[in-house]
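The chain below stands alone and is given in structure tokens; this is the form predicted on its own.
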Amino acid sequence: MLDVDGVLTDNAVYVGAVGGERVEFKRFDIQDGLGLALLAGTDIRVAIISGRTSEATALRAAELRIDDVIQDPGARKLPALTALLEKHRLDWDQVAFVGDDLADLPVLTRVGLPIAVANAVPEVKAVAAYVTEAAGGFGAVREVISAVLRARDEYEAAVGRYLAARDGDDA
């Protein structure tokens, strides 16, 4: 499970108006997206949760083919994720969560693998089992995915599947 702002993004939100309509832009890291593509063919599910509602988040999730997307403007992540775990019949100890700020603490203290990005606040780093070298929005998610796949001895196979799909070879 991934937080959005500060994990999948660099924590910047660009807000303005175009033609009198509110617009919002976020910067997402392409290498994180490729890391998520490496999970294809594994039994690892990905979910994202944000304490804000944003069309940019919804668009990026759709682009990455992430079906489980929770956007709670009250940043009440724990109840939302509890329902998601029940839906997928998972236990908290089966979950890794990547966070960066105070709103992530209730989840980080429950999951089996709490992860903080390099630019996380000290309180989040204090409860993390792993702190990335990369900052959120700058490859931290890719780093986590690579580490998890390597720990499961699945990294080379994932890279092979990814490359084969781009070569047109179904092997």
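Numbers for residues come from their place in the sequence shown, where the first is 1. Note that the coordinates shown come from a computational prediction; the quantities given were computed from them, not determined experimentally.
Quick note: we don't show the form predicted together with another copy of the chain, though the next part is all about it.
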- Given that another copy of the chain is left out here, which of V111, V46, A56, I70 has a heavy atom within 4.5 Å of it in the model of the complex? A56
- Just to confirm, V15 within 4.5 Å of another copy of the chain in the model of the complex by heavy atoms? yes
- Using 4.5 Å between non-hydrogen atoms, is D10 touching another copy of the chain in the model of the complex? yes
- Task: Please check if L38 has a heavy atom lying within 4.5 Å of any heavy atom of another copy of the chain in the model of the complex.
- Result: yes
- E143 within 4.5 Å of another copy of the chain in the model of the complex, heavy atoms: no
